[in-house]
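Below sits a lone chain in structure tokens, taken as the form predicted alone.
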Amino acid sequence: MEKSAYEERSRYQQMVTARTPKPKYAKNIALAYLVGGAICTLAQAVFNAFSGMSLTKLEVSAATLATIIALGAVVTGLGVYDCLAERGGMGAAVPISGFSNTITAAAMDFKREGYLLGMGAKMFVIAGPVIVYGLVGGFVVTLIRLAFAGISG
């Protein structure tokens, strides 16, 4: 007597489910927290270093962001950020260094296709939607803020 295709698939799915390793949620959360916290601590140290100079708060913020973006790109180019992201997950992806990593990694992947049509055009394939949604979200929030400011003031 032959088993039906449905029974075979069902049995196979049960075998896959039984043998699939279960994620270690507590460990993953702790590592994401530690990696993200370490990146933010580094950014705070850079911010403090720039604060010691005779710069305005806006200039200190801009210099800090530029430094962390540059460090993220350099660490990505050296291949270290991939290891950091593999262990730290979203802890490495959320800070601005993660955005730098995304753009730099895409640029490195498409470098073979040339600087203009490869690197220049394709490095924003992944990061482009983030930029668009960030701009649109900022615009919508500004409109909402203006609407409430117009009502109350």
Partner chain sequence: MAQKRMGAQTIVFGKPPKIIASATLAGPKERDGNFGDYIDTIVDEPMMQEATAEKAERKMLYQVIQESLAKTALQESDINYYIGGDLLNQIISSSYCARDLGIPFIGIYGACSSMVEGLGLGAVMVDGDFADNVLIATSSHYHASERQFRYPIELNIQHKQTSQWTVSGAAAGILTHQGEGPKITHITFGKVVDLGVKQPDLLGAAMAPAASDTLCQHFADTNTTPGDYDLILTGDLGSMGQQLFVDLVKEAGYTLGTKHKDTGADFYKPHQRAGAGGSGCACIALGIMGYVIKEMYQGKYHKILALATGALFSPLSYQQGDSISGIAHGVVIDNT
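Not measured: the values here are computed from a predicted model. Numbering follows the first chain given and starts at 1.
The following text describes the form predicted in complex with the partner chain, which does not appear among the structures shown.
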For F110, is any heavy atom within 4.5 Å of the partner chain in the predicted complex, or not?
-> yes
Scan 9-32 and note down the residues that get a heavy atom within 4.5 Å of the partner chain in the predicted complex; none is a fine answer too.
-> R9, R11, Y12, Q13, M15, V16, R19, T20, P21, K22, P23, K24, N28
